[in-house]
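The chain below stands alone and is given as structure tokens, in the form predicted alone.
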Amino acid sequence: MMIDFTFHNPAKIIFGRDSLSHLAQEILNYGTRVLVVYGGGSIKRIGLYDEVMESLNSIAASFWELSGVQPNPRLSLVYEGIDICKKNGVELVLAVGGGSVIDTAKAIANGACYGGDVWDLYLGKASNECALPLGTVVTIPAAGSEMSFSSVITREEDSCKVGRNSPFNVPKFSILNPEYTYSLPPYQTAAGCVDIMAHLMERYFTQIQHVELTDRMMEGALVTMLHNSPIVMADPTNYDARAEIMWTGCLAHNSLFQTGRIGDWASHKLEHELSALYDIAHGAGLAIMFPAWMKYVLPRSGAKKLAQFATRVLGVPEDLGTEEDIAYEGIARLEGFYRSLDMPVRLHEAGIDDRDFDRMAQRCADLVGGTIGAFVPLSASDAVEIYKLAL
């Protein structure tokens, strides 16, 4: 039966072409001493950097900049941002970019109000009681970090990638303009689409029964992604398709679709080890790991849920054969869709071999207390077999 839940998401979403015009007023709601966090030159190339600076200057804000955020965001930059905040009395952290930028800003906002090492918060060794307010201007629809309570950071010294969920991670406001995504390279667009779908599928595959409403909401969101992803690959400036993807990505990870159910998240844990060691794009790693996970759990979970996914989302005919036949056809179609986006679906296609399988599997299991996932609980040895299926 559907489990008890409390749903509360206080993030304010400002969506559309004119959304950035609200930035100055949103900042004023929290203060005028701002740390602006961003990645490289992309926000400058599209003119967004100048627009953000204009908003800050219009309210005579004092602001500091922290650039250089990389995919799979690094702990060392988080420490730099925390130091800036503490030394300058920063009142708001503003992330301008995609999921890595927002996750970095979340870690900074938490660490700035914590007296110890922010990494202890990620390892679960400590907790904090407050965080600086966080705002975001989103340029990459993928992670859904603009409305989620999640953040993932990598410690460089040992390539340890850890996620942390906390209500203090939820942004106070997020500005989403699909036009800011027009200039994304095709590979980054495709990886983002895969990431959004993975957030939906991690929640979809559950052993909790009688969750029809959220099942069908996610099926609709997934079909939306299947329809619009090829459109933006062929026509990057298609506003309508970009808007559908951007809003789907935001909803996919704001916890609404997890209400009343227990998600799996094994594929994400398995992928975190890939991107931590090999610096592969998160979405590309998920395109590899999710089908492999499906193949491994299918005979261990029963085929019913995977067959439902295959028919309702991927259009596999219900009279194809057994539930197992339908489920395997669904996996094949999912792989075919990923390939149509030029995403890898095997580790060797990303230049990854089997040398680190044992290491990745053991650390993956250790970080979550020994058992990975909830749809089918997996051990480290199971994880090795999934990596082998992905090879």
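Numbering starts at 1 and follows the sequence shown. All values reported here derive from a predicted model rather than from experimental measurement.
This next part talks about the form predicted in complex with a small molecule, which is not shown.
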Between Asn72, Ser174, Gln258, Thr248, only one gets a heavy atom within 4.5 angstroms of the small molecule in the predicted bound form; which residue is that?
Asn72
Looking at Thr139, Asn228, Thr206, Thr214, which has any heavy atom no more than 4.5 Å from the small molecule in the predicted bound form?
Thr139
In the predicted bound form, is there a heavy atom of the small molecule that lies within 4.5 Å of any heavy atom of Tyr180, even though the partner is absent here?
yes
Do Ser42 and the small molecule come within 4.5 Å of each other in the predicted bound form, heavy atoms counted?
yes
Using 4.5 Å between non-hydrogen atoms, is Ser100 touching the small molecule in the predicted bound form?
yes
Applying a 4.5 Å heavy atom distance criterion, does Thr224 contact the small molecule in the predicted bound form?
no
Name the stretch: of 128-136, 181-189, 303-311, 214-222, exactly one has residues whose heavy atoms fall within 4.5 Å of the small molecule in the predicted bound form.
181-189
